[in-house]
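Let's start with one chain on its own, the form predicted on its own, as structure tokens.
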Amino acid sequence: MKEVSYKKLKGSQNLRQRLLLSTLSSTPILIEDIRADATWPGLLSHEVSFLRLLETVSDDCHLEINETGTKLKYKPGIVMGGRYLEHDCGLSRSIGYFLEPLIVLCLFGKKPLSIKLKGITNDSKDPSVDTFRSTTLPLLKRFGVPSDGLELKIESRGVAPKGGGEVTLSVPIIHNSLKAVTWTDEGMVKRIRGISFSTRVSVQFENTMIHAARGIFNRLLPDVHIFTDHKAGAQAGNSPGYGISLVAETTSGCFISVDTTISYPRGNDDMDIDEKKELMPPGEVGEEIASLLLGEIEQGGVIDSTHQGLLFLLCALCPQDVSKVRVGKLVPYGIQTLRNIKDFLGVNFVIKPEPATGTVMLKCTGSGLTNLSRKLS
């Protein structure tokens, strides 16, 4: 029996991305010192949940976690995909935390994926399921992912702290590899679309948010439509909350998005809702999110700052062909992604700032990753 050689890493940062790249590149990893000095050492509940999700969609992956959770051994298996799968994402991070790595991974699976994910659909930490639907899915199509069988259905919404949301994600497999892109023209904003939602609060909250956001946009652009999605009963999850997701569409087919969610924090007991806290009024939420979107547009680039990591990852997974993209100012998550890509896939990006526009041009030759799982079938 040949001994497995593990790539040694330290710390808890970028754990989800390291596990994703480890799986895609078939590199076993050993991560030590996971929050070793923290009050609550070791893996957090959403990280354990992500590991369980990897086990759900793969075959023959091997996991070892020590008693304190500060050391993790992970040997990736074959990504299987499959239908009618289910996973409970828990309540410490939203479904958005799980969606990005899951969708990239399952493009390289043996069979198309259809999975029901339960938990929090909208929170203020991770991209919401609406942003995923309006912006992340079109981004994948740029790289040659077939639009047939690529969708996210929101069955019910759930906000923190008690969740209760449910979505169904379908991901097709790519039959060989992704397609390299040259994507440097962001174009001009031609329309703004959005969706506001509320759960277990008055439907009036949605109208107030929309009215406030439109008050800013209509001075700049006539084509603004923000839809409402008021959920009631079982579809409204277990906690009160409201939020809005906006996307600016440009003349060159780019989607720039932002979102926000307002809900009560957890009380001292995990199942308590701390209702003593004043929530931001919906009018202010609408104004703030409109300003955030204008800020993202001003930065320039073909995607918004939350999608930088995913964009770089897709470029690195392309065939051995040159991809060239333009983004706004590099954010910490984007920079860390570039390091992880170099570490696992050996792909180096040429980074060239463009002072005139304040944007950054990035170029790389893809790693040539092909869908081997499919060939084994």
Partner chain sequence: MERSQKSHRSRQSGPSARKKSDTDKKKRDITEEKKQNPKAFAFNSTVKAKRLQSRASEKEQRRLHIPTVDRTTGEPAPYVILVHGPPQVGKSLLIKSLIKHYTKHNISEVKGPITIVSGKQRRLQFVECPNDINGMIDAAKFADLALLLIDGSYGFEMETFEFLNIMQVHGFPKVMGVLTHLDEFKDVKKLKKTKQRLKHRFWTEIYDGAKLFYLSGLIHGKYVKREIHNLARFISVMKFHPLSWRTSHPYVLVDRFEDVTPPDKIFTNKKCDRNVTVYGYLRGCNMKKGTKVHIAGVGDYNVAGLTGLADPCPLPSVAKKKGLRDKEKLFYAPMSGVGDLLYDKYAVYVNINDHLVQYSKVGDDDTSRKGTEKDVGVDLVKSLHNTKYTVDEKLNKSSINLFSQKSYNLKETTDSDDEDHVKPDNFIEPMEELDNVGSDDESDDSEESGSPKSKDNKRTRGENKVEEEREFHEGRIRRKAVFGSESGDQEASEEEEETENDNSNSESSSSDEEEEDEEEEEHDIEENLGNASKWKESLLERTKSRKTTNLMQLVDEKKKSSKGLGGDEVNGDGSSKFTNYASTKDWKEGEIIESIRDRFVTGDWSKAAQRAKAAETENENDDADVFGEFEDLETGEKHEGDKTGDSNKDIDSAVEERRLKKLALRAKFDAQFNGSESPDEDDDKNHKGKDKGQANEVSFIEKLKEEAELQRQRNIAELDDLDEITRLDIEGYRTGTYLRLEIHNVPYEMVEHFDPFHPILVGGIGLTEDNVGYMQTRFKRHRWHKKVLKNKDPIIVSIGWRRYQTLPVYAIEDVNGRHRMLKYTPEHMHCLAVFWGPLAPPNTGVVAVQNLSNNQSSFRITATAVVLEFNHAAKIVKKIKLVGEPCKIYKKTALIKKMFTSDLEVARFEGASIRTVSGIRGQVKKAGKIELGNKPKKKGGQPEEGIARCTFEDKILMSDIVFLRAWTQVDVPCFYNPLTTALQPRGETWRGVRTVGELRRNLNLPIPDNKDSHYKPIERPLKKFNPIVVPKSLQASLPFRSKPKLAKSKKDGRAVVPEPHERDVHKLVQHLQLIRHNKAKQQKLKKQEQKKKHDVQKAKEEVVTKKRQREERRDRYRTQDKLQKKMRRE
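Positions refer to the first chain, counted from 1. All of these numbers come straight from a predicted model, not from anything done at the bench.
Absent from the display: the form predicted in complex with the partner chain. The rest refers to it.
Participant: What is the one choice in P127, G163, G109, P282 with a heavy atom within 4.5 Å of the partner chain in the predicted bound form?
Facilitator: It is P127 that has a heavy atom within 4.5 Å of the partner.
Participant: Are all three of T260, P332 and G366 close to the partner chain in the predicted bound form, meaning a heavy atom of each within 4.5 Å?
Facilitator: The answer is yes: all three residues contact the partner (heavy atom, 4.5 Å cut-off).
Participant: Taking heavy atoms only, is N238 within 4.5 angstroms of the partner chain in the predicted bound form?
Facilitator: Judged by the heavy-atom cut-off of 4.5 Å, N238 is well away from the partner chain in the predicted bound form.
Participant: At 4.5 Å between heavy atoms, is S170 in contact with the partner chain in the predicted bound form?
Facilitator: Although the partner chain is absent here, S170 would stay clear of it in the predicted bound form, with no heavy atoms inside 4.5 Å.
Participant: Would you check, heavy atoms only and a 4.5 Å threshold, whether G187 touches the partner chain in the predicted bound form?
Facilitator: G187 belongs to the contact set for the partner chain.
Participant: Does F197 make contact with the partner chain in the predicted bound form, using a 4.5 Å heavy atom cut-off?
Facilitator: Because no heavy atom of F197 falls inside 4.5 Å of the partner chain in the predicted bound form, the answer is no.
Participant: Spot the stretch among 81-89, 213-221, 145-153, 229-237 with residues whose non-hydrogen atoms come within 4.5 Å of the partner chain in the predicted bound form.
Facilitator: Among the listed stretches, the partner-contacting one is 213-221.
Participant: Residue by residue through 300-334, which ones have a non-hydrogen atom no more than 4.5 angstroms from the partner chain in the predicted bound form?
Facilitator: Stretch hits, in order: G300, S305, T306, P319, Q320, D321, V322, K324, R326, K329, L330, V331, P332, Y333.
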